[in-house]
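Here we start with a single chain on its own, the form predicted alone, put down as structure tokens.
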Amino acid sequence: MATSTERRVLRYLPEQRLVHWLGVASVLTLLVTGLALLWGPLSFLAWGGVSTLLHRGAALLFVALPVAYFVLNRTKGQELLKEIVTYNREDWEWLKGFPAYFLGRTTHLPKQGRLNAGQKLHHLGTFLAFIAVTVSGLLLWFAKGQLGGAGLAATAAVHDVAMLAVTILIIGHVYFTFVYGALPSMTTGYVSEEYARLEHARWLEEVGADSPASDAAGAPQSVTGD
């Protein structure tokens, strides 16, 4: 976490942080209400059909957030999709050093851009899981009677496995957030310059080390990591 004298770099704008936290709320609601329908010890949460209503409400938010983002930020959305499926030699070298990164060591890793190779894979996994959860969820919601026994079982299995994948991705995301002290990026919008050099040195060089940085009282700059 940045101290009062550390220089900071603007990483995310307020609207980006709002979408992030709304997404967190929707996924956690989906997980809890989904478990209420599947796991006996939490079945009391399904009383009166409340959990089903909450699950469907959270599902609408879960789907609407990324759709709205891509509609309102079409260019950036396309850039993000291209970025998460594009890997260069530095990315592959970074992935080879992932075991040490997992333990909090990055000095041996090649410079990374706006997203490091691990974040690219995380975003790609999240995108694929989102598609699987959304399609299977819509089928279970609106076409349950037309699926048949085998189709219903297969769709439910895809839905459950995809949500398990989302859960694992979230756990990994939270783990690295605290290992590398990245939480301020989604609370204040800023990261310390030390963090930026550690995780995204090439990105910091591209946007300019002086331009996006400020002291603790500095005003936000126009260069961001969206």
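Since the model is a prediction, treat every value here as computed from it, not as a measurement. One-based numbering along the sequence shown.
The same protein also exists as the form predicted together with a small molecule; that form is not shown, yet it is the one meant from here on.
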item	value
Whether S51, L60 and H159 all lie within 4.5 angstroms of the small molecule in the predicted bound form by heavy atom	no
L80, heavy atom within 4.5 angstroms of the small molecule in the predicted bound form	yes
T33 within 4.5 Å of the small molecule in the predicted bound form, heavy atoms	no
4.5 angstroms heavy atom contact with the small molecule in the predicted bound form for A196	no
is_contact(L164, the small molecule) in the predicted bound form, heavy atom dist at most 4.5 Å	no
